[in-house]
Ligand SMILES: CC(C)(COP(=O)(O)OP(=O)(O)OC[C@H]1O[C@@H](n2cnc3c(N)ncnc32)[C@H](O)[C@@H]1OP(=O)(O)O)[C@@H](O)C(=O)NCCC(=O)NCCS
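Encoded as structure tokens, the following chain is the form predicted on its own, with no partner shown.
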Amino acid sequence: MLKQRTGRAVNIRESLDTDKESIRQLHRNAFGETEGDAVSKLAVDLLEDRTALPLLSLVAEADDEIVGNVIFSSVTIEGADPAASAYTMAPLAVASRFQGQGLGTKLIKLGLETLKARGAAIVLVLGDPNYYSRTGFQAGHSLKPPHALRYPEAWMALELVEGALENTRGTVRCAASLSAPEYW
């Protein structure tokens, strides 16, 4: 149980099928009018996408309300050893009244710990380098994204197993629901 500045206790757990509508609403509200519909659709599509398995979805709850969510879906790396277990992290959302309090970072760190315990070697993310570098993600690796990127410095990786990035090269292939070029 975490205590936020709002004074509310926050519990982080794996999401359930019954959480899908709350997850949709959280992402829609967190991303606003411009991106909210697309990101909320992506979140729910990933939860239902068999090509995303194995998948880890964590939710943060305060007073029986979902106020945070992060999804890690498995990926394959073309040209790499099939035993290299890799995931991509997307999307991540925190309710506006809980932003700036470290909840997103806590969701990410717990997700990384859980994936490491389950044998994952690499986690990838496409996002703000200033934010994601705080949890250990770095650019400058040898894994190619599924599509050309407008901001290649935002394509970052983190190794959960020492030497995993140094020894892995290839093109990342995501779950079907995350493979659309507009997400990249």
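In case it trips you up, residue 1 is the first one in the sequence shown, and so on. Keep in mind that what you see is a predicted model, and the values were worked out from it rather than measured.
Another form, the form predicted in complex with this ligand, is not on view; read the next lines as being about it.
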Which among 116-124, 27-35, 44-52, 145-153 is in contact with this ligand in the predicted complex, heavy atoms within 4.5 angstroms?
27-35
Whether residue 104 contacts this ligand in the predicted complex should be assessed with a 4.5 Å heavy atom distance threshold; does it?
yes
Whether residue 93 contacts this ligand in the predicted complex should be assessed with a 4.5 Å heavy atom distance threshold; does it?
yes
State yes or no: in the predicted complex, is some non-hydrogen atom of residue 137 no more than 4.5 angstroms from a non-hydrogen atom of this ligand?
no
Distance check, residue 100 to this ligand in the predicted complex, heavy atom within 4.5 Å:
yes
Residue by residue through 144-171, tell me which have a non-hydrogen atom within 4.5 angstroms of this ligand in the predicted complex.
none
